[in-house]
Every structure is written in structure tokens, then in C-alpha cells.
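We've got the same protein chain twice here, in two forms, each standing alone as C-alpha cells: structure 1 and structure 2.
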Structure 1
Amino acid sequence: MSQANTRPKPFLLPDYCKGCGRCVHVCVQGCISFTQEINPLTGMVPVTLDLAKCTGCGLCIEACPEPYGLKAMEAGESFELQDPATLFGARRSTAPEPVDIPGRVIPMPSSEPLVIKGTYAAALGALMAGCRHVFGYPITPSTEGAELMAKLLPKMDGFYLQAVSEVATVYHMYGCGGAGLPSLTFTSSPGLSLMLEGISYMIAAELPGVFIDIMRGGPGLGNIGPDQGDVKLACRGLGHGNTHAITLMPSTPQEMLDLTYLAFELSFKYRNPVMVMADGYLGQMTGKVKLPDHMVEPGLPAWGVYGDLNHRGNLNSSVFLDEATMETRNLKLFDKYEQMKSEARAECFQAEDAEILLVACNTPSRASKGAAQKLREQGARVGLFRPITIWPFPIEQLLPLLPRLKQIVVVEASKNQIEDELRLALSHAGITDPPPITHVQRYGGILPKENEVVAHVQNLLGRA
């Protein structure tokens, strides 16, 4: 038998092949070629071997930069991947198993209320919640919140970074959340659109972070007027994949503070981004704000990739290339989304005996409350249902009010975006014959006004 027939021929382990092509170029017999078939475990395109003309010269094995890529196999020999712990022994580390380091509640002295705008109130809420890392890119009408953080954080051993773009911003937050630290950004509608891919990655990797979106008129660049056109993004479009995040809808500067504070608690409770959505008026509106009686010094979760010895074994990842593993991750996220539904919140105003129920969030809810009061004075039984979370929609709080209702009126500064969340929640709750639903809507940076809501309800009553 000739020497060429006795020399071992190469064997390819596709999971280690990156398709670099070095073996292709050194093989004089043309036994190795590129393919177009992606390996689902690695996302790479490994080469393919046709060894009919192979002489066993070994040049391809020498050229392969991966130690387990191309192997020399004797006739009848097989190769099995081995656990590195078997090959090299267990990882040697003196580091203890990481544990949660609890945060600390610091009492605050009593103070007089502040009169500040909504973005400032949200910034103070973040500081009270222990946020010391803020990343962002200026965009009207949210910039003042970032500016205040840039002034205050250096005095509080904190850090503000103006990123090169909104895309960069969300990945700074990915890294900060991955370390187990609270982080925040202020943005507005076009900026949120640019962040969606990164938010999807944060959800997949189960990382916390708070996004304050001061919504403005669109689509496109639009204008800086108040709007509610980002609801569909927050509820149904947080990047690719099956993504959801608790979405809070404040209506006053006080709630800008309180709900931002709450957002950090929820973000770490569920290891998931949390959205705080306000219209442009609310971001710029001045109001009385009472500070909480305490602030938080955050701890460090056991899962954080903090960079110290105790946490060196941790890993946060959104990469699950095997389909079965990716499905398992999705199922885990779905279970978490179900748990999030317990956080649904709403506020009712004169809704217990209402026959006509106004549904509104943010600044339009204040106009709707004024309309309900005026209509009550005229003898109409009108109430207000204000979702504080738009996702999850507070359907359980709404259901007891339905039997008495003759009409639901959704008041919003968008085209059916809040109404669609209401209708979808009713459908999922098995309500196949809800009360008639109409709406008062404005678009492009204009909010519905109190007199428009009153006129709409009066028209409904006149037709009854």
C-alpha cells in the first residue's frame, strides 16, 4: 500500500470552523471548498470536504487556526468533543459564590415642595432611586432632564455620558445594566426609534434599565409638540422578537418623579427595561413636586458582571443560536411577562356609577378629568379611567365598571394607539360585546382639549 493511502486524512468539526478559507487555499487537490450553509450553532459558514482526491498531506491541518477545526483522523477513528473540565481539570478559583448585596435606604430630611418641570422631576426620581449612571443624546423636548443629571451626578459620585448617538446610548445602558447597576436615558420619539434594537437585546439578556420617552409629534422628524404616538412602540414594538416592558404613563410632574422611582424598582425586580412615557407638555410642564422621605443607595445583584473576583464567572448574553435554546429563552420571557401583569395600575375618578367612561393617559387625562367634572355639573354620569400602566393594560381594574357603562370614550393624541390597547385587553379578557367605543383624537403635536371632550360627550347624550 502506498504512503499516500496510509496517511491520515482531515476531519472537520463544523462547530469550530469560521470559514476563514486558509485550508481552501492550501489544498492543491481542491478537496476543500466554501459553502453557503450556515451552522445554526455558531452562525458561521463552515467549509465542506470532499476527500476523494485527498493525499493526506496535512497542509490544511497546519493552516487551520482553530485547534479543533481540522483534525487528522486515522482510519476508523472517531472524535468526540470533550468538556474542558475533563481535558484541563476544573476551573481553579478562590472566589466565593456571588450573592446579592442589598441596597440601603437612606432617610431624607423633610423639605418644602419644589415647583419644577416634568423632566426635572423624573431626574430627581432617578436620583432618589439610586441611579448614578445616565447616558443620552440631546433631543427636544427631553434634553433638560439630561442636562440636570449632567450637573448633579458629578457631585454625587455619579457619571453622565453624552453618547455619540441614541444607538450608542442604549448599548452603554446594556453594559451598565449588565454590571448590575441602575442606568437611565432621556429621549424623545425619533431617538426611541433608534434605540429599539438595543432594547430588544437588553430584554433578551434580561438586563435592567429605565427609558424616559418624552413623546413629540411625528412621524419622521416631526415637530416638538406633545404627542402620544409612541404607545405602539412601547406596547407592541420594542425591537425585534417577542419583547415587552412595563410601560408607565404619568400625568403630573409629581408622577414623573414617583413613577421614575418605581421604574427602577420594577426594572431590577424583573431584570427587564422599563419605559416611562410622557407627552411633550408634561415634560415641560411646571408643577408642585414633593420629594420622598428617603433615597436608595443601590446594592449589587449576584448575577451582575461587575468585573471583580466574586462575579468573574457571570455572563449576560442575548445570543442563543440553537433554535431549541432560543425557544426555551422565549418561554422564560413569556412567563416573566405574565408575572408583570400583576403590576398593572390605574386610577379612577367618579367612575363607580359612571354610564360614560373617559379613558385617557398623560396630559390628556387632565383635560378629560376637567371634562368629567363639567359634565357631572350638567347632570351626566361621566367618569374617568386612567391607565397608569399602558402595558400591561389594567384590564382587571376596568372589568368591574363595564356592566353600568353605556359608552366608552378614549381621549388620546394619537390614532387609536391607546384605544387599540383597550380593545386588545378587552378581547383577551373574553369581553366579546363591550360597550360602544368612540374617541376624541388629535395628531401631530396637538393635544385634545377639555371643550372637545365635553362637546363629544354632549353629542353622544343628544343622540341617546
Structure 2
Amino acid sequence: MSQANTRPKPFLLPDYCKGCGRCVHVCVQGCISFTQEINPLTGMVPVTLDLAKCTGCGLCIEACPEPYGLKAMEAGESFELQDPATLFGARRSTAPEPVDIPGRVIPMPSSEPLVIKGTYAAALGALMAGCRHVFGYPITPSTEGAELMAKLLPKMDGFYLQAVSEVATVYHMYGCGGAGLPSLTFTSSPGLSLMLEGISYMIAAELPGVFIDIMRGGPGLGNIGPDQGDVKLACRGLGHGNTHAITLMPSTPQEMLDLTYLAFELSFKYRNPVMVMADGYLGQMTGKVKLPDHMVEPGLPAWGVYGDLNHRGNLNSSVFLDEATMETRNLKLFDKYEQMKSEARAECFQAEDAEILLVACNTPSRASKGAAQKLREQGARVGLFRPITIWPFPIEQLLPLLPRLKQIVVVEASKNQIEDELRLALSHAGITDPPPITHVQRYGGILPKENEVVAHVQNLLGRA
């Protein structure tokens, strides 16, 4: 602090004064007064200073709300110096250009397969992908995943936080993902509905995060039976605005692990949330799960708002008031969505020579596999096309099968949600005359059964 007799007096560039008068009222010496003159540059009416009686008490400076308003004039500065660049320095910021800190792939010793349920497998996939931050709100039938994480994370010096709601959960992920670290949540349908706002924000701010949705019967509170009624949310309704996210549809506990692992990779590659959608059956299903031969120690991306010097200049934001800027932002996202299409994946089972193609995801794809096999035994040429990504829909993988097909049968536990993705994809691919599409559907927490698929196809064949 300066000595009393050398205390600096205030200085003001009138252009930076809004004339609020906060300074006027505190000066007992009456050095500062309102004027009537409108500053032509700002349209404001700045105050004027007459420092003859000024004691340098500093109260006016403390009262000024403008960062570049009243400032203390240090020794050597002069009133005449009016060039802000000289006065305040030309720097915008002294923060360095942020750099990427790369992650590390760590080889794993080989181990015997585990026998675990789907939600557990997904949890292990996340841990192996380097995720050490999990947030969630308990909701059946996804809770086991969160419970396992709460048990395992402390052993790996990670952190599980039970949030106050699904709404809070997704913003914990916004913060953690925004810092540049992998994060995960387990939820189930009503929980996903609550998270949609935040997912839209994450997409807009280009933040990674993996959402595992164990779908249950709806709408409303519905029940906890297995369902696929969230497919339209993941594919067409991730909150407001033009949003998309890669949506993975596992069908076995092994895939729960593999696709969750993949989800993290994709989430950081595209700086976008990734959805892993399973039905309640798959979440509970126990099966053989082989661990990958490596795990990941994540790095720290250049764009993260981590809270250190390297990342000080960064900003995560979804607010772009200027419409043109927001449109540019949208175009950037669309470009990314286009690139994501290269991630489309599908499994074909006995599909090469199929005349009837079942299309199904998650557990219904396994019932369909069983049905395809039974029908083959009866001499029908039935195959299965299983989208592993429902968005982007693996249309390129489907197109070569089309010429041979007489019928497509979509097997799903929702009202046309998977079928609509198929129809949209066909339409966008310019297929105007696809084979007839029929379906086997169950609703409300019930999955289509193998014998229902068999009966449906037998019926088609009888008619044909």
C-alpha cells in the first residue's frame, strides 16, 4: 500500500464511465460531479473529476462497478495518456495456448472370463476406458451398475457421487466432462427423460460423457420390465435443438463391456455424449465376459476447463446470442454428425442368403437369433440384421442385403421406434421400393419372444 502522502488519485477515461454516480456519492471532497453532456461515443453521461481537493482516499475507485472505470493513477502515469493499449497493456490474456496431454494405453495381463451381469460388465468397461468419475441417481433396473461403481471406484481412487436428481447428475457430468475427464452415469427411462436438457447442453458445448440407459416399461412411471421405448429419445430427441449422439445397442453382457469401452473412445473423439441403450433384461443378464487386453489412462485434452494454467484460457459454453454465430455452431455440429456416420456398426447373422430379414437390437435380437435358427431348421431362409449403432443407422451394411429380401420383420419392444429409424435410413438412402416391412412388437415392459417371431414369420410364409 502506498504511503498516505503519496496515495494515488483516481483517473477515469470518460468513454468507460456509465455515469452511474456510485463514485459521486462517496466523495466527501466533492471532487466528482455529474454532467449533462452525453458522450457521443457511448451515449452515456460520464461524470467529471476535479481533483484539486482530492485526498486520494480511494473510496470512489472501490465504488466503481466498471473494470476499466475509475482506476488509481500510479506514479508516472498522466492524464493525457488516453490510448487504452498503452494504459492497460495490449494483452488480452497472459494464459498460454493450451496443449493436449495425451493419455496412455496400458496392457493388461490376460485373465479368465468373468461371469457377470450386463450392468456390471458396462461398469467394468467404463473403468477400463479410464473413467474414474461416476454420477447417478438410483433408478431400477440400472442401480446395480451404480452400486458396483460405488464399491469399486474407491479401490481405484475414483469417485462415485449420488446426485440429488438426474437433472443434477447430467450437470455433474457437464462439469467433469467439461474439465476434460471421462464420466459416466447409469440411468433408466424416466431418469433419461430428466437428463435430456443437460444432454442438449453437453452436445452444444461439445462435452464428452457416457450415458447408460437400461430401458424399462413406460410411458410415465410405467414399470421396471425390459423395454426399448427410449430409442426415439436417443435418436431423435436428445433435448432441444439439433442434437445427435452415437447410440450403441448392446445385446450381450460382453457387448455391455465392449460397447461402453468404445463409447468413451467415441465420446472423446467427437467431443459429444454417447448413449449406450440396453433393455432391462440385458442389464440383469449374467453371461461370459472377457476383459480387453488393455486399459486406458486418460490424458487431458487441450480444450478442457480443468482449472490450471494450461487450460485457463478455455470456455465451455452453449450460449451464442448472435444468430449467425449460433448458426455456424450448428453447422459445425452437423459436420460432426456427418463424420459420426462412419461409426455405424451392425452384425449380420445368417443374412447373406436371407429372404426374410429380422431386424432387432438388444435382447430382442437374441430372441430373433433363436427364431432365425429355428426357422432355418424348418427350411426358411431367415437371417438377422442387428444394428449395433441405432444412430447412426448402419444403412451401408444393410443395402447389399436388400436385393435378395422378400420381407423385413422388425422385432422390437416399442411402438415403431426402431422401425422408424430403419424406414428413415432407407428413405435417406433413396430406397423408394424397399421390401415389405412388418413387425413383431411388445410393449409396456415385455419383450417380443422367440416363438412370437417364429409364428409371425411362419404366417408370412403361409401367405406368400
Partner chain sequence: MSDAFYGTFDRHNEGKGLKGHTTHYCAGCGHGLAHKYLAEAIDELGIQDQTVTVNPVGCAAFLHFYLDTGHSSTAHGRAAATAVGHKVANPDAMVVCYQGDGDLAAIGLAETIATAQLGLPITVLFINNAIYGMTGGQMAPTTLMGQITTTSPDGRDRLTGGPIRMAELIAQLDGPVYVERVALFSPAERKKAKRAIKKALLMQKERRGYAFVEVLAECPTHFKTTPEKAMEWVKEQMVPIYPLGVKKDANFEPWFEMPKPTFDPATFLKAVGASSEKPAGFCKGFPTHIHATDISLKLAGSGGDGAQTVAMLIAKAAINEGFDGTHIPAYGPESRGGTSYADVHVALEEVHNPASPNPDIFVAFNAPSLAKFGHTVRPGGTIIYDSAVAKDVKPVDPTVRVVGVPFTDIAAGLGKMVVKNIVALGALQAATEIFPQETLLATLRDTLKEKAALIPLNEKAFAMGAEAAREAMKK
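Counting starts at 1 with the first residue of structure 1 and goes up one by one along its sequence. In this text, rigid core is short for the largest set of C-alphas that superpose within 1.5 Å between two forms. Note that this is a predicted model, so its numbers are computed, not measured.
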Structure number of the form predicted in complex with the partner chain
2
E452: CA shift of at least 2 Å between structures 1 and 2 after core fit?
no
Post core alignment: T48 C-alpha displaced by 2 Å or more between structures 1 and 2
yes
Just checking, between structures 1 and 2 and with the core aligned, does N416 shift 2 Å or more at the CA?
no
So with the rigid core superposed, the C-alpha of E66 shifts by how many Å between structures 1 and 2?
5.6
